[in-house]
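First, one chain by itself: the form predicted on its own, in structure tokens.
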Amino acid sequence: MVNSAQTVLSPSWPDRQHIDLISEAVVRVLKGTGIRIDDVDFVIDSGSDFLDGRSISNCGFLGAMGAHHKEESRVEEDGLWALTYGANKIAAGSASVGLIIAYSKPSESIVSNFWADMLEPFTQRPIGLDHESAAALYGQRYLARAGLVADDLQAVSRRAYRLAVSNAGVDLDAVPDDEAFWSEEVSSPLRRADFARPVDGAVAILLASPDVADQITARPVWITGMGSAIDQHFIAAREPDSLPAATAAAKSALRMAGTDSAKDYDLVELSGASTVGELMVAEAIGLAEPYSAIELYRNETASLNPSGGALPADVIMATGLVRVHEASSRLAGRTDSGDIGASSALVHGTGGFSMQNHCVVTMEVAS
């Protein structure tokens, strides 16, 4: 990776269309690299026809993506999967420069309907199951096994919002002070603060082969490992309080990278659809023992989600790729937040109904 860029992630961009957000990210990711859009061999984009409100919606954004007369592919999943697609294309020798883009504007959609449309239509959808009630089912079982109560989850959410306030890429002036946000149940036992906040935005990553990367920057970020896995479609068929697909994805990435543990990495950026979901991811990838991840947040572990993570800013279809931008910017020293001496990072993305799918990518810079 030779550069990355994103728009400000905001709960709503009423005065900007998808093409405005996408083109801003693309222009910013190319700026200063010496790479022109004509030098890009392929474009891979992640978005959702359902969120965009029309079929094959990416066809309307090709100009903003710089994809006219180029090889262009659409990945109907989080942008982290698009990154692995692009990295494999370059590794296979079929291209030298690739542009990975992910975006969404959930402010123009009914997010609960988006998630519910993923459910099997005859037995799951009619009962009114949605992403919030599904997360709450996990929450009830996880809290009981971990010996926690709902108030304990504020260690996760308050830390996330506090860090996001300091993140220039997130439209958030202060930690929410609305008492109802922290105390009123949305779906028992979870409260509004326990769910990821949907935001509008776009992110772009510029990939290049080693010979090209060395000409662009003295500090490229190398992808060292990749892994993905998918869990059962039916909620009742899944593990009640753990995420085995996240474990499988992490093991694949770590094996490819030649490392033993997620704890070996200086930075870890996780995606979670809820506070409980983030705790389960941390345990699944090996950052904590089962039912003990809350201690990472109580102890203010600096290497975990220094950006604030997905809870304050969930760009549905792009959140995992935003995690890549946050981690790679710190590794390469492209952010005012600094890289806190980090030379390696592990990034996690999730997709599907109630975090059914998981993808893990590891990366490093030369020390």
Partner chain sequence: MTQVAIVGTGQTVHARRRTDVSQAGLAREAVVEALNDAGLTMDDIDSIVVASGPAMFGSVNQPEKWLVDALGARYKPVVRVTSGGGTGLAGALAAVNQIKGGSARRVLVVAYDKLSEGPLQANISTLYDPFWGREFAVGIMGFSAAYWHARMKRLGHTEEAAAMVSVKNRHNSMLNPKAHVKREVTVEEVLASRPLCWPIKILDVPPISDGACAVILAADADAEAITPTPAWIHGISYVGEADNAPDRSMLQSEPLQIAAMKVYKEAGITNPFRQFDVAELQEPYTCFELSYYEGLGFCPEGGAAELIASGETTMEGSLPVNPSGGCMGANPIGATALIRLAEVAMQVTGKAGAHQVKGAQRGVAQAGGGWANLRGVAVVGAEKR
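Numbering follows the first chain given and starts at 1. Just so you know, these numbers come straight off a predicted model, no measurement behind them.
One more form of this protein exists, namely the form predicted together with the partner chain; it is left out here, but the text below deals with it.
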Just one of 80-88, 176-184, 272-280, 152-160 has heavy atoms within 4.5 Å of the partner chain in the model of the complex; which?
-> 80-88
Would you please decide whether A245 lies within 4.5 angstroms of the partner chain in the model of the complex, comparing each non-hydrogen atom pair?
-> yes
Please check if N167 has a heavy atom lying within 4.5 Å of any heavy atom of the partner chain in the model of the complex.
-> no
Do R125 and the partner chain come within 4.5 Å of each other in the model of the complex, heavy atoms counted?
-> yes
Hey, in the model of the complex, does F234 get a heavy atom within 4.5 angstroms of the partner chain?
-> yes
One residue of I285, V268, V75, A193 in contact with the partner chain, assessed in the model of the complex (non-hydrogen atom, 4.5 angstroms) | V75
